[in-house]
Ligand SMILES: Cc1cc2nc3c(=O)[nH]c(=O)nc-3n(C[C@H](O)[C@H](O)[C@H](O)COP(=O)(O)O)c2cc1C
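Single chain ahead, written as structure tokens, the form predicted on its own.
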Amino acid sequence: MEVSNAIESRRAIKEYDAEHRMTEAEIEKLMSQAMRAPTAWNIQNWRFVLVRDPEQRKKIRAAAWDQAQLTDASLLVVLTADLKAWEKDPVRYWRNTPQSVQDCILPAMAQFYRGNEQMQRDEGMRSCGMAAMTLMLAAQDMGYQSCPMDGFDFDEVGAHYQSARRSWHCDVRCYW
């Protein structure tokens, strides 16, 4: 599918076949495409969290005004941002560039973000927005419909994610 066709045919769909599940190959392809979303300074601060455990999805649905797409969609991707990605081994983002470029970019990146929490948050929001659109267009290209959503208790959904990570109870896979 051409990008223009994906853009023109994509719609925010709220009803899904609850019995359908994407294959592992489809998920890998989708996530591989989504991870190509651009980010400023190439810091790749988006985080894709795939929530596949039905019980966790039910808990998240309860925190989201009982929106059915959380349990019925083939795949639930929670998109978050690592606001401190810029300072975590930043050379990894630029390792394939000449040293002279690294010597210029890395200090400038640190100067841009250090002590500026608003900029870090804004950058996380921009990056996640571009990642979400990339994810939705990739899904459309694969023949899947999707929908962005809000309308949930951010703190409660975050607490479920943190709880799942601590206990390793559910199938939560992260991409970054």
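Start at 1 with the first residue shown and count on from there. Since this is a predicted model, take the numbers as computed values, not measurements.
The same protein has a further form, the form predicted together with this ligand, not shown here; the description that follows concerns it.
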Go through 26-34, 145-153, 118-126, 46-54 and give me the stretch that gets within 4.5 Å of this ligand in the model of the complex, heavy atoms only. 145-153
Contact with this ligand in the model of the complex for K14, defined as at least one heavy atom pair within 4.5 Å: yes or no? yes
Exercise: N42 in contact with this ligand in the model of the complex, heavy atom 4.5 Å: no
Contact of Q67 with this ligand in the model of the complex (heavy atom, 4.5 Å): yes
